[in-house]
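Taking the form predicted alone, here's one chain by itself in structure tokens.
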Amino acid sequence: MPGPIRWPAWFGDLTPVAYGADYYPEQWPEEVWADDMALMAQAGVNLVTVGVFAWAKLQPTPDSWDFGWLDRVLDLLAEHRIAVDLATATASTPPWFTTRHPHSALVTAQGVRLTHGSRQVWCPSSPAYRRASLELVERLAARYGDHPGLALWHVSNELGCHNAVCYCDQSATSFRAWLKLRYGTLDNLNWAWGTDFWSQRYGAWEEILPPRATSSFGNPTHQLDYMRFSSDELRGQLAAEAGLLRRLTPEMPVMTNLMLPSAWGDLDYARWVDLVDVVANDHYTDSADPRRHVGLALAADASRGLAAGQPWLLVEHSTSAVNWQPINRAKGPGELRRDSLVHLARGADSVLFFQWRASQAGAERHHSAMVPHAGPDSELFRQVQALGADLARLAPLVGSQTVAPIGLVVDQPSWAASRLDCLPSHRLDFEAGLRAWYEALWDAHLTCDVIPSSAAFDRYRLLIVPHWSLMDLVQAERLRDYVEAGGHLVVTFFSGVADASQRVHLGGYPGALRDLLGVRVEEFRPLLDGERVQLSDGAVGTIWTEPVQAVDATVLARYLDGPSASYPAVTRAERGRGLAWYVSTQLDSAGLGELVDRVAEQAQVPRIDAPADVEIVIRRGPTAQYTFVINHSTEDVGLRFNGVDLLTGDRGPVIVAPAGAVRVVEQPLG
């Protein structure tokens, strides 16, 4: 299998941190390109993504092609020793395509067909789109597959960002074919969907439509299966493009850029990563979030989790403000550098931005770039240059792996189902629950892989499972095996409730996990907006409570008030050589922090002693480990290390990280 990046020959044996951006030379006169090359050299750029939205430029009419400009761009980049991540340009169709193939455009649940004028307006089930896109991919591969500057293929762009679901007639036909493969017979489908409810039983496949707008609540399993189908249709496009590229250029690695963590709820990325040679992600911080650096860390750990702990690629993030948030806040002093190095600490072997040069026109003209509208004589470009110098010093850590003894489990179907109607509480938010547990780990200086539920569990001393609601008995048995072999497992409320078709496990909650956890619950007692409950250990619960019966589990905390007063709230059961914990409410941050400390101690997870708001992450290679100290606080911090800071040359025994600064301490192993 090809490596994650096939660096051109001029790099020799050096494996650098990939540094660069999305580059759109087609938006600029050719005389600007020479300036771009000079500025890229000043910044230390060694890899750029080219061609992402170039379809209309490459194929200006249905029967004409223009590769001359791209030839000149790639040759110019190679002349200046800048490698290329070449996009297949299939992300957005030209206006002529939707004019010629109007039925290829997206249709909403309300039956409205969209038109061109934005991006990703194509239906993932459209045969016309598939044919045209693969013709484009084949021409690109044939022309540039042996170009000396090519380092990586970039399939499409953010698949499903704006076209995750289409409700057109072609999608309906494809959906029925997908259902036949999944269920085999209508009897099986009717059973899985529970269609005897509300007289929904299907007597012919042709009666099944996409879950379009209807009079009341739709069938939840119909809706969930349509989300699964839609993810698989996009996966099919990825498979088609990647397969063609591998056939024509077998030595060249292939990737596509994901959108973790938020898009994971719609797109089953765990089923996509077997199609690529390296996991790649785009991430943008939420400027309104005062702890946006924690959200950034979560995205990085999710990228690494999907990569099974291996290094991954950061393909897009921003130098400063974006253009699509309600208020597009510019990044503060040092934030560009800290954001970039957090991704690197958590396993990225690249730091790429959207975009190289800020656009003069179009919807993203106010999005930041490596070269802003103000030009290179700007504080932002000076920060870009300084970061390039930093990354050159950090080249020794490329290929090393981030150390993570904890797995935070994401079950994608459960996340998707949590967005549907008719759940016990509208406050049941999978992503918010995931973020709450992640923040508690971050605050405790505990590094975790955010992993799909299909991942191997035995790599971790501790597993945390928030809201894994759709669980079959085989999955429950995997968790039992993990615990009995010595693992420590924490399960939250609304887990184990139903099978993959959302048919509820009978006999009491938490259903498939009842025996493993040693508890039984007869009904849910969610809290109203603003309600809180007090627990006997001093913690506070929100969102949810349950009248838990401890069958053969130890009670660690009880509800003191609220709808489940006097019942157990937190329990622990011994199973084999391990422990299984159950948390039946959403604990406040202090309560979560205390519980994480207790569980980590029981699981003998190694701890790092550091002040609050100081991020400590370790990457380990064959001969050395690299400890990142990222100081998000307003105070200088000194930590004891027998090593050398690769960024400053400072040596231990004490390395000082000033407020807002980053240190990367190299320590030999053995």
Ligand code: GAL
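Keep in mind it's a predicted model, so treat the numbers as computed, not measured. Numbering starts at 1 and follows the sequence shown.
What comes next is about the form predicted in complex with this ligand, which does not appear here.
Although the partner is absent from the chain shown here, none of Arg338, Gln383 and Glu615 has a heavy atom within 4.5 Å of this ligand in the predicted bound form. Segments offered: 315 to 323, 498 to 506, 133 to 141, 545 to 553. Contacting this ligand in the predicted bound form at heavy atom distances within 4.5 Å is 315 to 323. Among the residues Arg291, Arg201, Arg119, Arg228, the one placing a heavy atom within 4.5 Å of this ligand in the predicted bound form is Arg119. None of Phe354, Phe430, Tyr167, Tyr567 but one reaches within 4.5 angstroms of this ligand in the predicted bound form through a heavy atom, and that residue is Phe354. At least one heavy atom of His367 is located within 4.5 Å of this ligand in the predicted bound form. By the criterion of a heavy atom within 4.5 Å, Asp515 is excluded from the residues contacting this ligand in the predicted bound form. When contacts are judged by a 4.5 Å heavy atom cut-off, Glu158 counts as touching this ligand in the predicted bound form. In the predicted bound form, this ligand lies within 4.5 Å of some heavy atom of Asp282. Contacts with this ligand in the predicted bound form, taken as any heavy atom within 4.5 Å, map within 40 to 60 to Phe53 alone.
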